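Consider the single chain below, provided in structure tokens and representing the form predicted alone.
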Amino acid sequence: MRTRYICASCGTVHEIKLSRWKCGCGGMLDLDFDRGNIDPAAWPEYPASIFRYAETMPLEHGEWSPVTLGEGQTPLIVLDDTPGVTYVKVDYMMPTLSFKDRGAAVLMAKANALGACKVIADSSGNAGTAIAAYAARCNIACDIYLSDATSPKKVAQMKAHGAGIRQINGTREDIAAAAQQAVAGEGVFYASHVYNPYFYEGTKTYAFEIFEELRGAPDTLIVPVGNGTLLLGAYYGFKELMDSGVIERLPKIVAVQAANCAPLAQAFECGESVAAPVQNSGTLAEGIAIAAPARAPQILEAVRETGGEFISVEESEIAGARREMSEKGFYVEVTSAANYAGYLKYGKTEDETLVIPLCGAGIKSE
């Protein structure tokens, strides 16, 4: 399988190699490969992980084998059925207790295949724990750059996997800049869940699993969005299903942001194709507190193409939603609660089938 990077801004084509993580023009990289037609009937029962769908990914045969930790195949559970049906997909039932394992497994499979001896990543928490775990699985050294305000529970999890922790006093963008500077200085693989498009080849399996569980596509997906790793992955997955003639239409994507850090929601409301950076005034939902999302144009385009919308939620709504989810038996971290708060503000119609991800386990939050 011939796979190349292609710049989303200028169209320049680049070879896949350890040192490449963005275009010379500064643009974001996407993957260019022959995706072919998807035939769900041909998906094997084994392995019981996201790599059931390995034939849809730009990986050589067996590259995933030394990496998998059994991620994916998470349950879809009815939350309520009046009106229509609302499901929660319990994506915190993963090796590191968040959906980020989907992307980390594929990204680290590629890093391992390329011969990486060390990776560097930056994260608000969950992506860092996932990269740390899968780096450990591959016996690859790993440094994670984080805010000095990151949940101690997440930091402890990364340290347990042997990652070097570099905590920065600054914005999420400051942390990314520090990681990128270290990548350039050390000449190592940048395991970025934002910049490296292999990550989205993992998160697109969220869509494939929903399709199999529902035997079709839902009407609506409600997704929390900061950097857009789950939103874009779900969009790409359902788009591949539609392009292959397996489904007839894309689910509507309803994106949820914390009102205290909502650059995408503001850009969408103003009809903009890019999102101007905002000042993060502080939110409990650290996983979506991204003031300047690098893939904003792609996120906005995906929501618009599906006829979707953005919902902003207040801090009091997030806290209340977390309590309500706990009362229903789901102990989720705060970012997942923000998503449920968005659902409570969304006007679900009769006969609408809707899916909400539970992205992270509650024990990861303070």
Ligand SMILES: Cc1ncc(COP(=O)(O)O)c(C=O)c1O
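One rule holds for the numbers: they count along the sequence shown, beginning at 1. Computed from a predicted model, the values in this text were never measured in an experiment.
Omitted here: the form predicted together with the named molecule. The next part is about that form.
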item: Contact assignment for the named molecule in the predicted complex, among Thr283, Ser192, Thr74, Asn227, heavy atom within 4.5 Å; value: Asn227
item: Listed residue that, although the named molecule is not shown, lies within 4.5 Å of it in the predicted complex (heavy atoms), from Ala176, Ile120, Ile288, Ala275; value: Ile288
item: Segment that reaches the named molecule in the predicted complex - one of 27-35, 308-316, 59-67, 331-339, heavy atoms within 4.5 Å; value: 331-339
item: In the predicted complex, Asn196 touching the named molecule (heavy atom, 4.5 Å); value: no
item: Phe99, heavy atom within 4.5 angstroms of the named molecule in the predicted complex; value: yes
item: Heavy atom of Thr220 within 4.5 Å of the named molecule in the predicted complex; value: no
item: Any non-hydrogen atom of Thr129 within 4.5 angstroms of the named molecule in the predicted complex; value: no
item: Sequence-ordered list of residues in 20-59 near the named molecule in the predicted complex, where near means a heavy atom within 4.5 Å; value: none
